[in-house]
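Before any questions on binding or motion, here is one chain by itself as structure tokens, the form predicted on its own.
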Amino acid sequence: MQTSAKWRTPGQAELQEEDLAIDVRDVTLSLESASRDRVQILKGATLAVPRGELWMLLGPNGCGKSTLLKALAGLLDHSGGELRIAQPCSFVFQNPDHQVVMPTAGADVAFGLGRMHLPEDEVKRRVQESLEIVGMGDYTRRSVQTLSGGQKQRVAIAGALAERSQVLLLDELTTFLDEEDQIGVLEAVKNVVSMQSGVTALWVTHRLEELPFADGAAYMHDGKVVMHGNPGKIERYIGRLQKQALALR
């Protein structure tokens, strides 16, 4: 993408393009509704995520969070604006049963490496290394049918790491998980970003209690990012919105 524009995020110096893992500028995207009408979901969304950080994207249902994530992953085509994301990137789905499909944890992590034609020793090394990073190093031979939802999510993340993904796009990973698994997945992602140089994560969520794990956050409303900054700033902004909504009742 050819542009000389710079970004400034709270607490940081001006960011050049090379400092960003995700660079979204005025992106628009429309989808076909059940009635076959075209409905505009993204209405000029703009977002910048620095390399090597965990960012969270929040907002009400239907605001465009998951749509933006899928556009970044290349699962949906945007109709306008500019979008750049570091490669390779991986999308981890909300429901781990849609992604973890091989009989054992180790086999699932190794599955995506098949197309790379790597030596067997290198595949084994990557599988074990990636499972260790997400806290699943002792589960290589474990049947995926015996894993909890959170453990399956961590296996999916390990698979992305084994493929050397530079960006993890994470779509509401804790929706179907109990509290213990929620914390386990959050800690695993935080560990990945801190241990793997240059790996960036963008985590879509509606849970305010997950914000303390983030390095930065953004809030979407009606197809646009209306606020971004540190987690405390976003939490205060959401608190003001909630108070305004209560006052109108």
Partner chain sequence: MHGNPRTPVQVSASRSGRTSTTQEESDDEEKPPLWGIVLKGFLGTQNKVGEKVMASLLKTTQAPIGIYVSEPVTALHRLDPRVKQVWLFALMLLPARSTLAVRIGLVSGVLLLSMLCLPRRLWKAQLGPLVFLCSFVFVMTAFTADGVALLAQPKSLPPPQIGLPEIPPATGGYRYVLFSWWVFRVTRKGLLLASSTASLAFMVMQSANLCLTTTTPEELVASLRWFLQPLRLLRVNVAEIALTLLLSLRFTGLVFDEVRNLALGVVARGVDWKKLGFVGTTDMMAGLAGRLFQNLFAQADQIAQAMVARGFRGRPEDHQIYLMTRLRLGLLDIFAMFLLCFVLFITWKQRRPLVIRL
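Since this is a predicted model, take the numbers as computed values, not measurements. Numbering follows the first chain given and starts at 1.
Keep in mind that the form predicted in complex with its partner chain is not shown, yet the notes after this line are about it.
The closest non-hydrogen atom of residue 166 lies beyond 4.5 Å of its partner chain in the predicted complex.
The shortest heavy atom separation between residue 172 and its partner chain in the predicted complex exceeds 4.5 Å. Taking the partner from the other structure, its partner chain in the predicted complex has no heavy atom within 4.5 Å of any heavy atom of residue 178. Residue 88 falls outside the set of residues with a heavy atom inside 4.5 Å of its partner chain in the predicted complex.
Heavy atoms closer than or equal to 4.5 Å to its partner chain in the predicted complex belong, across 96-114, to the residues 97, 98, 99, 100, 101, 102, 103, 104, 106, 107, 108, 109, 110, 111, 112, 113, 114, ordered by sequence position.
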